[in-house]
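The chain below stands alone, shown as structure tokens; this is the form predicted on its own.
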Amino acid sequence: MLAVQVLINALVLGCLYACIAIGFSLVWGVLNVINLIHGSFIVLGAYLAWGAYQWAHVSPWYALLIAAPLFFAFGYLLQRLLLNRVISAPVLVTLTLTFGLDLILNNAMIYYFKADYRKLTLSPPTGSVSLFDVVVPVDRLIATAAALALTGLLYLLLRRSKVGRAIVAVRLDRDAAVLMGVDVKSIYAIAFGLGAALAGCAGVLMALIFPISPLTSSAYLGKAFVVCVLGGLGSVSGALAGGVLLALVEGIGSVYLGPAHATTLSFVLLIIFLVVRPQGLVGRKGFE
């Protein structure tokens, strides 16, 4: 029964990890930018949910409707006004820029919210579902359903809409997309905005489960990076597969070696994939 509990926990947490990573993967795959501010976007989304509930009594589910357009607009403008100026520069330049922006945003959050951990606690509590000896909190189930819905919406956007097909075209071959009349600068800004919106929404969902602190941004960034490598860059299904695999490894590691070794195991897995299968579980060779 313990194995079933670990598997269920991995499926639930893996969907949330996929939601954390999918925006990071989209920006990396389309813009070729390793967005180091992604972790702080997630924490900012968590604070938005916490603040909306504590101060205005707005349900975290409604906070998703606020976070999505707000973070999209912020990401869109950030790419247009700053990142677009260095988008053609070597990766080290964009890496340095996003690192600097992350420092500014993270220190601003520490200044306003302090480094203390806070927890969003719903009142009344949502309880848990129990089947035989397997127990799953209801708030985790709802957050998982929301994460799957967000991932599915992104998949449909990329496959069924004109702007989505343009994003995929730019990712596959930027020069060919330009020849076909695609406005690459706009697509870059939209992709970065979508990445920021998904990060903000992921933060709202994570606030329901984990304590909030600016200090956790690096942990979220690390998980997004690992999931991208495990699943494959720029792939929605890859993010899901990578998220579940990471959660499964962390869960098994916590049970048999202790929670302190879970992160170490995930990075060992990352190194193995970089050596053996750098394109990830469902990625194609040449796009890693």
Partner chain sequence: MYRSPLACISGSVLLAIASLSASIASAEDVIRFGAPLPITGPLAPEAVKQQMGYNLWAEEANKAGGINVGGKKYKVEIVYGDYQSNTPRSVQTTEQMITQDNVNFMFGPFGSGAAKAASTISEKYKVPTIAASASSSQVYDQNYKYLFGTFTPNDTLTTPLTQIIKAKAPEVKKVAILARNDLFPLAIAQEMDKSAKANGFEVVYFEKYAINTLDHSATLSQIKSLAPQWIFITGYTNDLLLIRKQMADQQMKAPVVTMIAGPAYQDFIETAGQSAENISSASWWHPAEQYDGKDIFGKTSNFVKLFKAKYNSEPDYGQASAAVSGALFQLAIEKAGSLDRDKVRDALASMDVMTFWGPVKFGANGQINSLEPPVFQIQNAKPVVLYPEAIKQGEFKLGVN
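Given the structure is predicted, the values throughout are model-derived calculations rather than measurements. Numbering follows the first chain given and starts at 1.
Below, we turn to the form predicted together with the partner chain, even though it does not appear here.
In summary, the region of this chain contacting the partner chain in the predicted complex, judged by heavy atoms within 4.5 Å and restricted to 115-123, 156-164, 196-204, 181-189, corresponds to 115-123. Proximity of A145 to the partner chain in the predicted complex: non-hydrogen atoms within 4.5 Å are absent; the residue sits far from the partner. Remark: D173 does not count among the residues lining the partner chain in the predicted complex, judged by a heavy atom distance of 4.5 Å or less. The partner chain is not shown here, and in the predicted complex it never comes within 4.5 Å of any heavy atom of P69. Interface residue remark: L215 is counted as part of the site for the partner chain in the predicted complex, having a heavy atom within 4.5 Å. Taken together, the three residues Q5, I110 and P137 all lie with some non-hydrogen atom within 4.5 angstroms of the partner chain in the predicted complex.
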